[in-house]
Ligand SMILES: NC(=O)c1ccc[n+]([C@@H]2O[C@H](COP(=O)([O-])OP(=O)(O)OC[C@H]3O[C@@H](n4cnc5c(N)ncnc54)[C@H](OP(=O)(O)O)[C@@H]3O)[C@@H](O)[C@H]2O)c1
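In structure tokens, the next block holds one chain alone, the form predicted on its own.
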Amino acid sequence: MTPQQATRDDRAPVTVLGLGPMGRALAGAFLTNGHRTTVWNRTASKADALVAKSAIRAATAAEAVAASDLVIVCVLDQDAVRTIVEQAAESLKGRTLVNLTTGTPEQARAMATWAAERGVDYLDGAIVTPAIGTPAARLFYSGPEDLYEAHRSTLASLGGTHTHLGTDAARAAAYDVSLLDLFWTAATGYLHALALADAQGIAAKDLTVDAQGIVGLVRDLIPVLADQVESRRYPGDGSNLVSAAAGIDHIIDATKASGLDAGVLSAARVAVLRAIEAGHGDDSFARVVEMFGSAQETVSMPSS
């Protein structure tokens, strides 16, 4: 055990529920920063490596909760969260529960209600960049600001940047699902591009440098599209939806000719054609945001 991992009396004790890869990373970061860390997992053996670094293994979730005023839960999904906290509801009363499990805004509000009804202080959170324990980590929190401030120094032991987004418990989850939407859509698009390249005899590694260049173009486009969406102004003087549709059609034709499923890009084509049919063919690609049913509510979400 390194000096940094030794428990320090000036550091608040922490409990971590759930020891999957992320839960182990969270517990490890608290240990490294001198917090007495109690851990629990349904499969007890997952705590072995942490116990070897001075973590305290609890036999039950309720026992783990009773060891600390601050309880972190990070498991597979919100159903698992509910199962665990129901077992420890009495022990959680009067303590702070920080839920870092990925979920929907609706699930975050439901958990906040559950906690309030049982006298449990609650913060919802999201791990945006999962480099826990390093400067690259990025985490969001939402819920009572005074509660966040009370535990901010302890949460800082997870490394990186921590941002409190507002008092609405669903705010962190709303940011999270929006960003994950971008990530998974982009990753799927890249894998589809690799399938198309392979069908044309192009090795994945040979596409890497130029693919990174395309990602750079998208990165630079992000603030431009954001400005257009927020202002509801879609100038198509540089490129418009009619030209975008033509380009998409060429890719779909090549995809089908290669014997591949064109469903991914066909979904984008549908949205573009809807905008053109509505009379917006001369507008920029950003106009497509209004073709998604809940776009108006999403981009108009209040700041807190």
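Because the structure is predicted, anything quoted here is derived from the model rather than measured. One rule holds for the numbers: they count along the sequence shown, beginning at 1.
We do not show the form predicted together with the ligand, though everything after this point is about it.
Partner-facing stretch of 127-135, 113-121, 197-205, 151-159, counted where any non-hydrogen atom is within 4.5 angstroms of the ligand in the predicted complex: Result for this chain: 127-135.
The ligand contact at M291 in the predicted complex, heavy atom, 4.5 Å: Output for M291 is no: heavy atoms all beyond 4.5 Å of the ligand.
Proximity of T38 to the ligand in the predicted complex, heavy atoms at 4.5 Å: No.
Touches the ligand in the predicted complex: L76 (any heavy atom, 4.5 Å): The answer is yes: L76 has a heavy atom within 4.5 Å of the ligand.
Contact of K256 with the ligand in the predicted complex (heavy atom, 4.5 Å): It does not: once the ligand is placed as it appears in the predicted complex, K256 has no heavy atom within 4.5 Å of it.
Site check G18, I84 and T102: each within 4.5 Å of the ligand in the predicted complex by heavy atom: Heavy-atom distance to the ligand in the predicted complex: all three under 4.5 Å.
Sole residue of A174, A80, L165, L147 within 4.5 Å of the ligand in the predicted complex, by heavy atom: Looking at A174, A80, L165, L147 one by one, just A80 meets the 4.5 Å heavy-atom criterion.
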